[in-house]
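First comes one chain, alone, set out as structure tokens in the form predicted alone.
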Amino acid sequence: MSFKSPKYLDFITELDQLKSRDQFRSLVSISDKSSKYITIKDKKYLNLSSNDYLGLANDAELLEEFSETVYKDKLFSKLGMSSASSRLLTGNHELYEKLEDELCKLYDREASLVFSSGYHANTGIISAITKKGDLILSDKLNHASIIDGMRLSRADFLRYNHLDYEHLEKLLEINHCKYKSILVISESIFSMDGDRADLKKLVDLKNKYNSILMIDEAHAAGIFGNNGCGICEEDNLIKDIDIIIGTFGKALASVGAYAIFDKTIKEYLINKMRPLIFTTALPALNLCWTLMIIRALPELKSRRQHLSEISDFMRNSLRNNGFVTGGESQIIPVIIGENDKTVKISQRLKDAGIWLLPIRPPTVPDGTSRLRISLSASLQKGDISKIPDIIKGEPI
């Protein structure tokens, strides 16, 4: 089909520009997936681009346990495959309340709320709780969903330099008397660099300047803390952070997201948060699976420990081979720099049977294209030991 709209021609021009800069993206069809591997066009690859951090998504024992429950209790016929409604109409199955009660117990907090996705959670919460006359202060490398939430809000917003708390404090000092309310937002583990925010410092600044603190634990929930609640638990700050965001779609092997906070915020969001009010609720069958994972989470300490060990092993191996990398988590960036070089190295890894995708602008800043190694507890050291040699192009 041919279009002659000038705007359509602009799209073609932009796509050509993306191709010329090695920034063009396309969807890849995956035909099969296991705990460690994915199959694409009949070829099996070791998967190092997944967010299945605890290796639960295709865990045979968990899936078998859930399948037995589904068939024994006839859940397919009882729950169906769709909620067919928003939570405020007829989509709020009692499993939502059971799951939210379980989250409150896990975090020892007053209230929680489950959402259809992490993107919905961030865009909806930020745009609901901030108004004209408020200010949002956001870490410069926060996720796109946080940026979009700020843009949807009527509040002013500023971005402080990444992990630069002196810069943040200057902004708080200058602005805290000018605005009715200030919301400070940070991820705990950053998705492209794998580095870690100083939550204790953020709590201190929040208290000093009487602001609201929101922490996105998307890449930490399930992985850090004795019970898997994230960095907020590891740093003993669960009750000091106003809003804690977590996701079920990464380490927790499901779909959707959640927030932990006080009852007043929950009630306000139910009445004011547009992505909650106007989104079809998650299927009850999915909530049943998520509830099983949440109940099991405190007992997964050995997986968390193993993931920490192989992450340290991978990071040290790369550094010992002269690569620029960083982070303090299961996300390990290998900074290459140029787009074309990064794409070529990614292809070399694919040729060796390893699925490790190139990350390029605008996802990361210009000149910092990278390979983002995303590790899973299902991996062993032997699975990843040859990665540095393949990246360097040495024979293995």
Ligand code: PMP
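Not measured: the values here are computed from a predicted model. For every residue, the number given is its place in the sequence shown, counted from 1.
This next part talks about the form predicted together with the ligand, which is not shown.
**Student:** My question is simply whether F157 lines the interface with the ligand in the predicted complex - judged by any non-hydrogen atom within 4.5 Å.
**Tutor:** Contact with the ligand, no.
**Student:** In the predicted complex, does W289 come within 4.5 Å of the ligand, counting heavy atoms only?
**Tutor:** Judged by the heavy-atom cut-off of 4.5 Å, W289 is well away from the ligand in the predicted complex.
**Student:** Just checking whether H143 would be counted as a contact of the ligand in the predicted complex - the rule being heavy atoms within 4.5 angstroms.
**Tutor:** Contact check for H143: yes, within 4.5 Å of the ligand in the predicted complex.
**Student:** I'd like to check something about E187: if you look in the predicted complex, is any of its heavy atoms closer than or equal to 4.5 Å to a heavy atom of the ligand?
**Tutor:** Yes, E187 lies within 4.5 Å of the ligand in the predicted complex.
**Student:** Using a 4.5 Å heavy atom cut-off, which stretch among 160 to 168, 315 to 323, 275 to 283, 143 to 151 contacts the ligand in the predicted complex?
**Tutor:** That would be 143 to 151.
**Student:** Taking 4.5 Å between heavy atoms as the contact cutoff, choose which of S117, S83, S211, S127 touches the ligand in the predicted complex.
**Tutor:** It is S117.
**Student:** Find the only residue in A218, I260, L183, C229 having a heavy atom within 4.5 Å of the ligand in the predicted complex.
**Tutor:** Checking each option against the ligand in the predicted complex, the one that comes within 4.5 Å is A218.
**Student:** Check for me whether the ligand, as it appears in the predicted complex, comes within 4.5 angstroms of all of S191, T247 and G256 - heavy atoms only.
**Tutor:** Every residue of the candidate spot has a heavy atom within 4.5 Å of the ligand in the predicted complex.
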